[in-house]
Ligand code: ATP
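The form predicted on its own is given below as one chain in structure tokens.
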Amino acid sequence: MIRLFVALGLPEAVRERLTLVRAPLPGARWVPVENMHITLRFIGEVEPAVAEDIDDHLSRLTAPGFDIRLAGLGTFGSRGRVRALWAGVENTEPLLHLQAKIEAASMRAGLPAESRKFHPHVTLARCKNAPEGPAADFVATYGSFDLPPIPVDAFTLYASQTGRSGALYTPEAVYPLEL
């Protein structure tokens, strides 16, 4: 079995800028800079033959390149607890178009439809039992975060392996967008 997801990689300079918003936050484990990305479709664990089908369908996908903007911070959580801290990604038509095409290709490869609504973001920290108050204060303090447009000319199929020192993401295939 191989654990996969489809994402937009981020330039190193952008990932480094994202680390500048780090500050003490109870319960937060900051994502390593090399793991920062924008997930377009989480696939999960699949057999190698299914991974090949996914690759085949993704390789046939065509879409134009575009720019994205990262702005603002937010959290995911429930019941007064925070699970993740994220940097927002502007929800543009070209990004939604690409994500919809990836979703359709995934379903043609035999995967079930994604049940969660697409919410583009870059996970900055994962939180375990973090109280909502300090996270809300963090977002209020650093929430004006904004970066210039970032060109997107490809998307990537990543494999994810978890270990004692965290997750290791390995690019399995890179799919260029039309210029």
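Computed from a prediction, not measured in an experiment: that's the story for all the values here. A residue's number is simply how far along the shown sequence it sits, counting from 1.
The same protein has a further form, the form predicted in complex with ligand ATP, not shown here; the description that follows concerns it.
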Check: Heavy atoms within 4.5 Å of ligand ATP in the predicted complex: which stretch among 65-73, 49-57, 139-147, 34-42?
Finding: 34-42
Notebook entry, point to check: Should T170 be counted as a contact of ligand ATP in the predicted complex, where contact means heavy atoms within 4.5 Å?
Noted result: no
Note to self: Contact with ligand ATP in the predicted complex for T162, defined as at least one heavy atom pair within 4.5 Å: yes or no?
What the structure shows: yes
Next item on the list: Spell out, yes or no, whether the shortest heavy atom distance between Y175 and ligand ATP in the predicted complex is within 4.5 Å.
Entry: no
Next item on the list: Determine the residues of 101-128 with a heavy atom within 4.5 Å of ligand ATP in the predicted complex and present them in sequence order; the list may be empty.
Entry: E114, R116, R126
